[in-house]
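In structure tokens, the next block holds one chain alone, the form predicted alone.
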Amino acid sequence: MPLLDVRDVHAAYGLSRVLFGVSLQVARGECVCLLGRNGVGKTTTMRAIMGLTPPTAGQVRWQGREVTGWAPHRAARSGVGFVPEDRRIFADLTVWENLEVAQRAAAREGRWNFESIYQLFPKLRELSARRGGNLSGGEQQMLTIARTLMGSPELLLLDEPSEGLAPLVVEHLLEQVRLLRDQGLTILLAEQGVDFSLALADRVYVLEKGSVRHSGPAEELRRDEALRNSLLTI
């Protein structure tokens, strides 16, 4: 049984339809990536899973249970953690306070606490007294992931984590996400960055115009440049 099973999901913003029957599965311990050009429905798929944009049709099943349209806080308490594209840290709170708020709100017990977070992101220990609004983009991304981990998720949804970051920062972020994957955390990653995605993913789904155009092992795209270009080159 897959940990996450998305079945024929459709979604829309008002009268604007975005997803047209997206289906995907994520097994426990996998890193699965949603690839595709900008505007193809990657973020909407994540939001549909999280309940932020409830599907207009189809099913989202979590650990065998239908959770379609659950409120985001209920999804989070069931073990789904969401790192949004726009980060949404508390700009007026310090790094430590951002993490403390997440710790207080956590409804699940797990391995993540201040010490384990600081081991994964040593930079955050140095910045613990700095306000979130004064962090760089890369530091904010680390804080957003760290804040989500405080809820001890079983599945981490990462939406465009490398967007807008300098190459050296992206490389550092890649190593940290790889460490999470190697520790057994299940990850669903939505990314435009092909190199970033293929360095992490076990399997990929390529979206086009709100539908799945291709799915298969990440190794297939890593090996086949012609296929990769046909699916992903603008």
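All figures in this text were calculated on a predicted structure; none of them were measured in a lab. Counting begins at 1, following the sequence as shown.
Just so you know, the form predicted together with a small molecule exists too; it's not on screen, but the next bit is about it.
> Using heavy atoms only and a 4.5 Å cut-off, decide whether all three of Val18, Lys42 and Gln192 touch the small molecule in the model of the complex.
Yes, the whole candidate spot contacts the small molecule.
> Which one, 31-39, 63-71, 196-204, 176-184, holds residues whose non-hydrogen atoms are within 4.5 Å of the small molecule in the model of the complex?
That would be stretch 31-39.
> Any chance Glu85 has a heavy atom within 4.5 Å of the small molecule in the model of the complex?
Output for Glu85 is yes: heavy atoms within 4.5 Å of the small molecule.
> Do Glu160 and the small molecule share at least one heavy atom pair within 4.5 Å in the model of the complex?
Yes, Glu160 sits close enough to the small molecule in the model of the complex that at least one of its heavy atoms falls within 4.5 Å.
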